[in-house]
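What follows are structure tokens for two forms of the same protein chain, given separately as structure 1 and structure 2.
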Structure 1
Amino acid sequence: MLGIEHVTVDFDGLRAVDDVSFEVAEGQVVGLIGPNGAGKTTLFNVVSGLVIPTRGRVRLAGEDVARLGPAERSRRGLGRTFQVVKPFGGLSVLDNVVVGALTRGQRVGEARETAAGILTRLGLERFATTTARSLPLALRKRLEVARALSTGARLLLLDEIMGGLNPTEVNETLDLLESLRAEGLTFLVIEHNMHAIMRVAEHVVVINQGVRIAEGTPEEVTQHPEVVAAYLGEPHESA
């Protein structure tokens, strides 16, 4: 579904991502973890087309998408959320979601229905007419997911959608991911909440200072000495 091949990103001499490769198979939930500044979000930007890599390639459903901008990648089934949320602040919550539904070719009327359906599914229907900028952060995070879904994306890049949520909200979000996955969607998930990532991801990629240092099942990576050193700080025997 998604292939990241030897991707390197230099920002004015700073190497943000260094020769990272990994695959996300269709129907999988892959976690992307690493300490702050590891290059996770930069990698997301490379995949979604907002950042052009210095070297390396991105394949989407087998197609090399290097020459395609974000809009074209979206139209090929890629959706994403932003860690620093980017709502269309002056628009209503519903209209935020309508935009994505329109790009899949729906007419305005249909798109509004699609968007309303997505809002209901995510428990945002009460806020349909609220101006997006006045939503509290937790709900703006959810709006990010709603928007990403609105395009009919088959592969979703979720950038810390659980940050700042309380345990109940985290559980709701995890339930949502499970049900979306049951519909055949594929996910690449950046998350700091380790508990959440352990529950939802079957495969985890760990990067540190731009370098992929480990990959495997959640259990494997948490026991990987380099990961423990770089990310978790110390081994946890009781777990």
Structure 2
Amino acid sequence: MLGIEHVTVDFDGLRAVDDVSFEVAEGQVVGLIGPNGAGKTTLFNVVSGLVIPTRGRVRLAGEDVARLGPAERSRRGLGRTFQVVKPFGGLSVLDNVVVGALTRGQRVGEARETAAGILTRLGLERFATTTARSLPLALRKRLEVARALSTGARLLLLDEIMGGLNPTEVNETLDLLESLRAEGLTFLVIEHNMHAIMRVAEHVVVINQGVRIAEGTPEEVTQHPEVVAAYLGEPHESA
């Protein structure tokens, strides 16, 4: 579903991402972890078309999308959320999702039907008429997922979707991701919550200072000496 091939990104002499390669298979949940400033969001920006890499390629479902912008990548099934959620605050929750559905070329009536169905899938239907800016953080993050899904996304990039949530909200979000994965969606997830990564991801990629330093199952990477030194600080044991 996604192939990242030798991606390097330089910003005015600063190397933010250094020769990173990995793949995300269809139907897989892959976690992308690393300390703050490691280059995770820059890598997301490369995949979504917001940043053009200095070197390397990105493939979506086998297609080289290096020459395609964010809109074209979205039309090919790529959806994304952002660490800082920015809904259309003055619009209702339903209309926020309608905006995404309209990018598929749907007419307004059809887009509203699509949006209503997605709100039901994500447990947001009772907030359909609520103004988006009035939602609490957990629901605004869920709205970001709904808006991404409304574009017809098959691969979702989730940037710290559980950041700032309490334990109950984290578990609810994990339940949501597992249900969406059961529908056949594919995920690449940036997350600092190791409990969440251990539960939801079957494969984890670790980057530090722009370099991929480890890759494997959650259990493997959390015992990897370089990961322990750079990110965890001490060996991590799951319950």
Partner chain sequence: MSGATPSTARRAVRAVGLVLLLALLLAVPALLDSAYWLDLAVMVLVWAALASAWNISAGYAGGLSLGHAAFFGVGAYTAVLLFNELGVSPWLGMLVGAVLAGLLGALLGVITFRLKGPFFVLATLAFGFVVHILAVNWRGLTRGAAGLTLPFDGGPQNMLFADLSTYWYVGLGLVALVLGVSLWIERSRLGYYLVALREDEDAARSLGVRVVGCKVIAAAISAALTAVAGTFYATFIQYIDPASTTQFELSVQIALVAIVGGMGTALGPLLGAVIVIPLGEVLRASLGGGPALAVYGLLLVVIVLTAPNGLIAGLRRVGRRVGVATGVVR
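One-based numbering along structure 1's sequence throughout. If you superpose the two forms and keep the largest set of C-alpha atoms that fall within 1.5 Å, you have the rigid core. Predicted model only: the values in this text are computed from it and were never measured.
Shown second, as structure 2, is the form predicted alone.
Taking 2 Å as the criterion, residue 71 does not count as shifted between structures 1 and 2: its C-alpha moves by less than this amount when the rigid core is aligned. In a rigid-core overlay of the protein, residue 164 has its C-alpha displaced by under 2 Å between structures 1 and 2. A displacement of 2 angstroms or greater separates the C-alpha positions of residue 136 between structures 1 and 2, with the rigid core held in common. Core-based superposition between structures 1 and 2 puts the Cα shift at residue 89 at 2.8 Å.
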